[in-house]
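As structure tokens, one chain now follows by itself in the form predicted on its own.
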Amino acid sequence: MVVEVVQRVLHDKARDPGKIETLIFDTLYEERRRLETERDRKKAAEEGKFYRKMQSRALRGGAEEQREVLAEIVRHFAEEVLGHFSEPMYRIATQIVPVGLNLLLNTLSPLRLISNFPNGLGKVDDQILIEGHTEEFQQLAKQGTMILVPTHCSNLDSPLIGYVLYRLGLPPFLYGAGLNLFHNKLVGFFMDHLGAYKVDRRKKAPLYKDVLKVYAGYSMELGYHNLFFPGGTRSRSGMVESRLKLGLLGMGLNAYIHNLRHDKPNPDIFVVPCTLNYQLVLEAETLIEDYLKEEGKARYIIEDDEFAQVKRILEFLQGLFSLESRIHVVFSRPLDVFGNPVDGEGRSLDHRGREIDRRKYVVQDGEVRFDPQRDQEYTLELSKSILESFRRDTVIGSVQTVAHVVWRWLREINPKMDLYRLLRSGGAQDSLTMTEVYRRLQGTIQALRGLQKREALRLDPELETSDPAAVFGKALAHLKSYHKHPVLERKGDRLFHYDRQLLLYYQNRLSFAELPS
């Protein structure tokens, strides 16, 4: 893998010998800037020594020496990225994790443990609902290479997806995980051996990003199913992704063209969008705070949040499972690398359901060819199809609905107040009558049910049948079960709003929906 990545990056970047020197020194500059903020001083010293050596060689050497220096830097990046999947470790993990989760959840809920005794422990499976086009996903995984592209709101997403893939009987997927998640030696050991390759989001050098893309693309050519979050990182705002990173996404098309040119027996690459839907989000408080900070909009990684605190994870799970809050994992209809829907037989279809010969998309003058401008447009079309799937298959629950109702009311009665002042002060009124809450909630629920009928989104079953009072009660129970400070609190016939940042975060999940005012 490393050898092939080095050769491909060099082939692409070293065509013009006059640009090699610039590429080397641009990369060294970006890496020196990163090392200035590296917390691990020992690691910083080791890497600094390596880069100083590369700089010295590049300054003294001629064209051939500089090419060798470039190859050394690419190899350095590739070896850091490389994962070390272990099949025996995977077999152990798939036996231990379900049992461990069940023990954990039953410990958090003693009544469940007693009620199930002696017939067995309660199942975590009851809390995770796998929905959507699962059969097509399973069938296509036998015919070609899969790229799974989920929404991303929590660091819990990766282990959740891994567990769901195991339940579906699918093999493990390769996926890129932030290097910060490897800081814990125990967690890092398991991730390194269970399909994760390392992504250092602090590295800004374009050369490093090229290594990541080539690594992912070549793994697809080798037949390894891939998982990556096309939004790039966790949604800080709580919104469903509205823009995607096209770099890694385009490597599916790249791999498909390579496969056709090498006459691979199973050349097809299929893309499956997926939405992960929680009532509550483990890191919600940190994420929305980071989003609202001016510098947070540009920061790409949070080193310390609730995911790093075992106590907070346990509190989150306790709230999640004590209320039997379901996690909805929805697999959207599979797509080809051009954004066309694909059926269970692997046939690409147009908007009328007619079969398309997708090979013709990449044939020019009778030959399969790369065309950067053309391929970029194809990837853009794929991105649009994925975003449509995200919106259509996002599941809205009681928390998001109640938060939306209260937040919209706050904006209506404070039309001239800017966002940050409203978040700080709460505006003109500190509470809303319950009569008005139920009236507004009734209208919003009806509108959401209409959107579900038009397949514009999905609803948690509690919103399909429950009345406004039941939906409101469920939302408050969820919020109280985990968040340390009250978000909303009912006192008599009035509803008081306290944590408006979390209100904003949870209501943002509905930002894509066209709801009447």
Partner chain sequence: MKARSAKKKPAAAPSGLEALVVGGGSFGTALATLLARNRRKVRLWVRREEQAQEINRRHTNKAYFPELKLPPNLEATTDLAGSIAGVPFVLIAVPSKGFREVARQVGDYLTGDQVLVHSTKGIEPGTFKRMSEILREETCALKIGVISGPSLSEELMAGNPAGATVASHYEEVARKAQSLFAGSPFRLYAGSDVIGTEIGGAFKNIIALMSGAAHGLGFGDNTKALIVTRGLYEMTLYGCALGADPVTFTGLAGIGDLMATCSSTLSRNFRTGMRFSKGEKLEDILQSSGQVVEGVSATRSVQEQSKILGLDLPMVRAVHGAFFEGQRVQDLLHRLMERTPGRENGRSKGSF
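Positions refer to the first chain, counted from 1. Please read all numbers here as calculations on a predicted model, not as lab measurements.
From this point on, the text means the form predicted together with the partner chain, which you will not see here.
Within this chain, S431 is remote from the site of the partner chain in the predicted bound form, having no heavy atom within 4.5 Å. For Y361, a non-hydrogen atom is located within 4.5 Å of the partner chain in the predicted bound form, even though that partner is not displayed. Contact annotation: G353 falls within 4.5 Å of the partner chain in the predicted bound form, judged by heavy atom distances.
Contact between S154 and the partner chain in the predicted bound form is not found at the 4.5 Å heavy atom cutoff. Not one of T233, E241 and K245 comes within 4.5 Å of the partner chain in the predicted bound form, counting any heavy atom. With the partner left out here, the partner chain still marks one of 435 to 443, 408 to 416, 74 to 82, 368 to 376 in the predicted bound form; by a 4.5 Å heavy atom cut-off that stretch is 368 to 376. Just one of D290, E221, D343, D210 comes within 4.5 Å of the partner chain in the predicted bound form, counting any heavy atom, and that one is D343. Residue in contact with the partner chain in the predicted bound form (any heavy atom within 4.5 Å), chosen from R391, H258, R333, K198: R333. Shown here without the partner chain, the chain has no residue in 52 to 69 lying with a heavy atom within 4.5 Å of that partner in the predicted bound form.
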